[in-house]
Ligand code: S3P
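Quick heads-up: it's one chain on its own, the form predicted alone, in structure tokens.
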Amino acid sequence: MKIILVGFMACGKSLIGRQLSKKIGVPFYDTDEIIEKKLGKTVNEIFIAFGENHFREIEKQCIENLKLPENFVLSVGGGLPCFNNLIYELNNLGSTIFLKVDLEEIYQRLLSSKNNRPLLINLDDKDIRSYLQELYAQRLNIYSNAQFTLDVTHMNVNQTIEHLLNNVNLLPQKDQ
């Protein structure tokens, strides 16, 4: 199984991916964690030090240089699929699943963690809503190129994983 989770920030890609990988017994990878480990800085620190454009190039290099096993779950940063045509690279790596979450729920989730989000760190709550509306609209068009879409707006992590496991059309079959 080659499962790649994409979606907007705060949709649960890393948490769901980590737990899904344990449940199905395959390794889990997270592009943000890979980049942080390689550079010895957090994503926020990288954004501050080098800017978003440089970070997007780092993400591109990360995808190009990934050495993944036969079976895996991969979670990618929210912006990664939206730059450098990486959504298509991801589609070639495995089965991409867009974890779709309603914008209002994303807004509520991000209010408590905005200081951990480099694109939001300098915005007040009102500006965050406006910024998210614009960014969400732009990125939905890219995420829609994923091979599968699962609306997880009102699902918790366990419900999402169970839904993925119970819907074989969402998960690739193991190679025969």
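Since the model is a prediction, treat every value here as computed from it, not as a measurement. Quick note: we count residues from 1 along the sequence shown, nothing fancier.
What follows is about the form predicted together with the ligand, which we do not show.
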Can F47 be called a contact residue for the ligand in the predicted bound form at 4.5 Å between heavy atoms? yes
Decide whether Y29 counts as a contact residue for the ligand in the predicted bound form under a heavy atom distance cut-off of 4.5 Å. no
Indicate whether the ligand has at least one heavy atom within 4.5 Å of a heavy atom of L150 in the predicted bound form. no
Proximity of Y136 to the ligand in the predicted bound form, heavy atoms at 4.5 Å: no
Which one of V43, C62, A146, I128 is close to the ligand in the predicted bound form, taking close to mean a heavy atom within 4.5 Å? V43
For the three residues M9, F55 and G77, which mark the spot I'm curious about, does each lie within 4.5 Å of the ligand in the predicted bound form through at least one heavy atom? yes
